[in-house]
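A lone chain, given as structure tokens: the form predicted alone.
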């Protein structure tokens, strides 16, 4: 078997987690990431005929039956993942009945995947219903988005348009806009259910006074989406101190969307 630590998926996973830590988004054991892996990607590195340690799931995940997921561990610090992926993350296989997963690689005996695993699995299920290329869910505590959620009305249309208007690329990168759920206690079934409902429409969902959940076809696309929205939030929090700042108007936003062949959320702009 090849050395799994040299695999492209472990490198991508570890590098983006390290980058988020260095960005200041994932203090202590904040944040979690999951990455759907293909059998053909894994088979050179793991003997997939072997059974793994059983981990009971808190949701019905039968729609992901047989899927492999690389995911961060519960209580693990992002700053440690790149140096030792095996001690801080794991690869699980969802059972055919969807009630449990097998830990095939990573974490010590008795250690388990992130407490937000239900949210991740629910979001993967929901996103795959609308995008069969989807593979990645990232939850992180993006600084300026958290600040913005504390001072701006949590209306999806107004929140999104405040960001669209500040940078030419924004409506191109997130034409669906920003989904927002009510404040919820993390790690419970409700926050996962609400996030999954939103992520069918929005690739990125704001958890007010907490963080964001973003989806993507690749690690880079999910991370790049958060980078873009976070920079827009930073610009908003800086520029909002001035009374005469300029924004891209609706007519210009529509022209932008047309030029780059994206379809903006029709509930937000027509």
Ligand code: 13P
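Positions refer to the first chain, counted from 1. What you are looking at is a predicted structure, and each value in this text was computed from that prediction instead of being measured.
The same protein has a further form, the form predicted in complex with the named molecule, not shown here; the description that follows concerns it.
Colleague: Heavy atom within 4.5 Å of the named molecule in the model of the complex: which of 115, 99, 197, 80 fits that? Just give me the one.
Modeller: Selected residue: 115.
Colleague: Have a look at 207, 223, 45, 236 for me and say which one sits with a heavy atom within 4.5 Å of the named molecule in the model of the complex.
Modeller: Among 207, 223, 45, 236, a heavy atom within 4.5 Å of the named molecule in the model of the complex occurs only for 207.
Colleague: Could you tell me if residue 189 has a non-hydrogen atom within 4.5 Å of the named molecule in the model of the complex?
Modeller: Residue-level check for residue 189: no, no contact with the named molecule.
Colleague: Considering only heavy atoms, tell me if residue 135 and the named molecule come within 4.5 Å of each other in the model of the complex.
Modeller: No, no contact at 4.5 Å.
Colleague: Against the named molecule in the model of the complex, would residue 74 count as a contact residue? Criterion: heavy atoms within 4.5 Å.
Modeller: Taking the distances in the model of the complex, the answer for residue 74 is yes, it comes within 4.5 Å of the named molecule.
Colleague: Answer yes if any heavy atom of residue 141 is within 4.5 Å of a heavy atom of the named molecule in the model of the complex; otherwise answer no.
Modeller: Yes, residue 141 lies within 4.5 Å of the named molecule in the model of the complex.
Colleague: Of these, 215 to 223, 198 to 206, 27 to 35, 54 to 62, which stretch puts a heavy atom within 4.5 angstroms of the named molecule in the model of the complex?
Modeller: Of the stretches listed, the one contacting the partner is 27 to 35.
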